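The form predicted on its own is given below as one chain in structure tokens.
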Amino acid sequence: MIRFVEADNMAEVASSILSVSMTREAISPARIEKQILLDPNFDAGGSILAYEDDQPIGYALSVLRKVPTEGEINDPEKGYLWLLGVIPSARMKGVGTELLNRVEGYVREAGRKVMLASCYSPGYFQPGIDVEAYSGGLEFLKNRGYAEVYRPLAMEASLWDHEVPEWVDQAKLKLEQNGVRFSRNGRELISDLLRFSKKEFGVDWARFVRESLLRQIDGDQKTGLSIAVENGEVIGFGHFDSERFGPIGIAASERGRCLGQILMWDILAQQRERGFRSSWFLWSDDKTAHKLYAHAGFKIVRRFALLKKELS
């Protein structure tokens, strides 16, 4: 007999399921505790475990954003399908369908009208469904009313022999001669950085900046910033956390001046200086990948499908 129960303190059990159903993600109990159980929006009502003869066989997690990010809830009509996995021996028994029905019901009962899979920020494990690793899961969701919104991609670059190209140094010098200042010290620009990131890119980017600055103040050498300032105003910034690159963004009015390339190469230089041997990120699009990242040696390593379903 298969039974489904709401799950609260379930790190070990969920990890055992996800380790064999989402094999590329390496979702350990510690990651579940940190990214899920300690997330302020986690609610056991959206966390469902499936058992067969008291053996865990499936897990689904949905989440609603209830706690404001940087002062506002920016997606009041959305719910997120964060995780869904069924062990191979229990598939084709309706387990995945029932798990999905239950987490969709949780979102629907809260009055949310849209379910997204699976870009919940800040805790997502991947920005969608890996189209190669989880092709069966992608087909499963499409057959249940989910449609593709777009396909983010993940990229990675080796830093073993990375050197900043001469043209980047020349472009930087030209901008500096015209009044642009570049800095790695976010502490001298705290208010300006937070204001810029929130205005240009939204509350989630402001959260990245805030967390990075807090770590810098504490002396953490694994995270850093690269900032462009003109006329006393921040016009662009880039961020890294250990080997993870980004986010990086330029004010809409300042694009086309090589600022993005300069900040990107400086971030990569900082990562290499800190002893990291590769740089990677989870989320970009084909246009940006071709225009910006490919020239720095980034290569596509994964491609995802971000999905959306209207809940009736």
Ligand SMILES: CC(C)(COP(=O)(O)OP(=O)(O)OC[C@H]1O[C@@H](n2cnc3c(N)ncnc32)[C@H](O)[C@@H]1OP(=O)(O)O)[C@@H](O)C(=O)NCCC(=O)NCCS
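Note that residue numbering begins at 1 and tracks the sequence as displayed. Quick caveat: nothing in here was measured; it's all calculated off a predicted structure.
There is another form of the same protein, the form predicted together with the named molecule; it is not shown, and what comes next is about it.
For the options H162, R91, K113, R151, the one in contact with the named molecule in the predicted complex, meaning a heavy atom within 4.5 Å, is R91. For the options L189, V95, M155, V229, the one in contact with the named molecule in the predicted complex, meaning a heavy atom within 4.5 Å, is V95.
Of the heavy atoms in Q177, none are within 4.5 Å of the named molecule in the predicted complex.
The shortest heavy atom separation between R144 and the named molecule in the predicted complex is within 4.5 Å. In the predicted complex, at least one heavy atom of M22 sits within 4.5 Å of a heavy atom of the named molecule.
Using a 4.5 Å cutoff between non-hydrogen atoms, F201 does not count as a contact of the named molecule in the predicted complex. Only one listed stretch (216-224, 180-188, 104-112, 79-87) carries heavy atoms within 4.5 Å of the named molecule in the predicted complex, and that stretch is 79-87.
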